[in-house]
Structure formats: C-alpha cells, structure tokens
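Coming up is one lone chain in structure tokens, specifically the form predicted on its own.
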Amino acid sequence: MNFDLSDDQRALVDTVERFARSAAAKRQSTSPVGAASEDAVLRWEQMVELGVAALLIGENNGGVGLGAAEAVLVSEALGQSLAQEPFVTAGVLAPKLLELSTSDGLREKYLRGVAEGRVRIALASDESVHEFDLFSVSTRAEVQNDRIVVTGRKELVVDGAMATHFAITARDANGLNLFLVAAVQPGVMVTPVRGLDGGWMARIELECVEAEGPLFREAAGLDGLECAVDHATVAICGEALGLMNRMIALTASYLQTRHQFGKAIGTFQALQHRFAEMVTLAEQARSGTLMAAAALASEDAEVRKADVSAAKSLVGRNGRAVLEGAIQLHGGIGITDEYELSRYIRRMIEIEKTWGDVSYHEARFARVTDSR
C-alpha cells in the first residue's frame, strides 16, 4: 500500500495544522465548562469554514465527499496540537450515522446542518463507566400520544457538553435502535464531566423526552451503528498518531538539550535505542491505522471490524509504550502539569479507553476472525 500523500491531501494537512497551531494557545484545559465549551464551539465554527465538518459528507448533501484516509490525516494534524474540537464526533461519527440511516426524512433534515456546522450530534450509548458495550442498553423508547419518548441515562458522552443533539441508543418494541434528541428541551439533564485530559464529556439523563426516529429499520440498526462507530474509532486512532508524533518530538528535543556528565543525554546509546523503539512503534501504529481506514470501504463487514479492532488495539498498546518511553527518557519532568508532555500523555490514555480499550478490541478481533 502506498502511504505517500497526494498534493490535495498535503494541502489539507497543512491547512488544518496551521489552524490547530494558531488555536492551540487559546485553549485552556482549566477553564470552567461553560467557557471551555463556548470556546470549543467557536473554534469548531472556524474549522467548519475550512470544510472540515463536511469532509466525509457526499457532495449531493453539501459535503466535500472525501474518505476515511483524509479523516485520519485531519485527526492526526489536530492531535499534534492537542485539539479539543469535536471533529471525530461532529465531523465523522454523526455524518456516518446519518448517511447510513434508513430514514430519508432525518437524513434530509439534519445532514446539511451537520455539514454547515449548525448541528453537532454526539453519540450517547454507554450506560456504564467501567466498560464499553454498544449493545448493553436499558434506555427505553416508547410511543405516547403519537410521539416517541425516551427515558434512560447515558454515561461519558464524548463531546456531549457542546452537542446540539444526541443520538441515543434505546430499545423500542422492535429492539435496539437510535433516536435523535435535542439537547435543550424539557426532560433532558446534561451534566458536564471533565475527562482525564481536561476535556469535557457529559452524563445525560432523559425523562420522557421527545425524540425523532428511529434512524434505522429493524435489521439495519445494529450494523449501521457499529459501522459509524468504526469510522469514528479509526479517526480517533489518527488523533493518537498526532499525539505520538508530538511526544516523540518533545522527547527528541529534551534528549538534545538535557546534559549529563558533560554531554547531551541523547548521545548515550541506551537512550538512543529506547528512542528508536518509540519511533518504530509509532510507525507501526500509523500503518495499522491507514490499513483500517482502507478497510472501512470494504463491503465485507467482518473484514472491516477485524481491521478496525486490530488498529485500535495496536494504537492502544503502542501508544502506551510510546508515552511510557517518553516519561522514562524525560524523568520526573515528564509528568508535571506545567510541562507540555503530560497533557499529551493524559489525552493518549483517554483515547485508549474511548470506544473500546485494548482488551475489548482484541476480543472483538478474535470473535470476528473465528467466524470467517
């Protein structure tokens, strides 16, 4: 596989990198939730002007019509500057859910709004803070007085604090499906939850809340949900690549400037070997992520699931090894709040747990490959 970037891809990466660097100084992980969310939404609106929100949306729906590889490149560029804008949720996961939806009405109503940045949809699926399971759902959707109402509770909704709508997994009379709920309406309680990386997620409580949907016909719901989450998982792996790149760059700089015994510690062979191992692990993660991005276009769902889980588990393991190497080569300064590296470490750990950790994806890989 040729991993070289085309001219258009390079131009896209350069544009996003410039924006991310210019916005990085404005981000304050210690800001209160209201100010942090408003700032993130403002930066997202600026990114929308670059076409990022419409990246994966077809041209017939007001989008750019690019693919998963470009989403990985954008995520990687944002990751290098520790971006907290909702690209993966609002620019990847939400568009895929709507494009895969069997409801023409909901697609026509919301997809163009997503492309224009007016609509920010966050997936609310987790009902446990301990483990990821898309299909372990007790939230209920019922028909009352000719309208659909949803009751339940969702934990750790990624980018939920800045969402305009939630895609809620719930069970109706026909089984598991997804329903769209406006974030601001009676019966919706959104509690911001600060993540390890300083970003804001949300806990959602729903009490007889009016919803739109379902997004899928009975047979298509589970497949559509899992496919959209797979797209988001590959995109967030791209962000992890950006984090690894930056951790490696910070480590290289430190090895060249920190002196011991009258010379830069980067001249010590043992440290050179450890640094080379970090670079190798990052390149392995890159190859796995781009292979998974290519697999997203496969018509064979089992191939897609296997490659995505292989990439997420590889990124999880290699990302953890890279951050541990960075800490060891820096020493104690590497984990201090004042030093830049520590923020990348916390974000990497957060990504490792998002939409399934290493154990989850290794088990999923084993399950789908055994069935083939």
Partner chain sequence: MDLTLSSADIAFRDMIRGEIASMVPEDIKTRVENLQHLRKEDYMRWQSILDVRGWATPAWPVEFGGPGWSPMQRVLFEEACFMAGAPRQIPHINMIGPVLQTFGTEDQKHRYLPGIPTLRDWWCQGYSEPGSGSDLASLRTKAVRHGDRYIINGQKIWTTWAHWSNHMFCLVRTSDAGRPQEGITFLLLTMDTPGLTVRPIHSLDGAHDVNEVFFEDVSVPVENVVLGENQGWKVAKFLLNAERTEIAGVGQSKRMLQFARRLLAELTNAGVSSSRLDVFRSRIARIAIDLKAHEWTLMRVIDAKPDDPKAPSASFLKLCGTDLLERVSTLLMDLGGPAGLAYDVDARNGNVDGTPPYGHVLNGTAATYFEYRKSGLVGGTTEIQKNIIYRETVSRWAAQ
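Numbering follows the first chain given and starts at 1. All of these numbers come straight from a predicted model, not from anything done at the bench.
Keep in mind that the form predicted together with the partner chain is missing from the display, and what follows is about it.
The putative spot formed by Val129, His273 and Asp357 is fully lined by the partner chain in the model of the complex; each residue has a non-hydrogen atom within 4.5 angstroms of it. In summary, among the residues Leu82, Met162, Val229, Leu290, the only one with a non-hydrogen atom within 4.5 Å of the partner chain in the model of the complex is Leu290. Only one of 114 to 122, 131 to 139, 171 to 179, 84 to 92 places residue heavy atoms within 4.5 angstroms of the partner chain in the model of the complex, namely 131 to 139.
The closest non-hydrogen atom of Asp104 lies beyond 4.5 Å of the partner chain in the model of the complex. Heavy atoms of Gln9 reach within 4.5 Å of the partner chain in the model of the complex, making it an interface residue. Proximity of Gln328 to the partner chain in the model of the complex: non-hydrogen atoms within 4.5 Å are present. Put simply, Ser253 is close to the partner chain in the model of the complex: some heavy atom of it is within 4.5 Å.
Shown here without the partner chain, the chain has Asp307, Ala310, Ser313, Leu314, Arg317, Arg320 in 306 to 320 lying with a heavy atom within 4.5 Å of that partner in the model of the complex.
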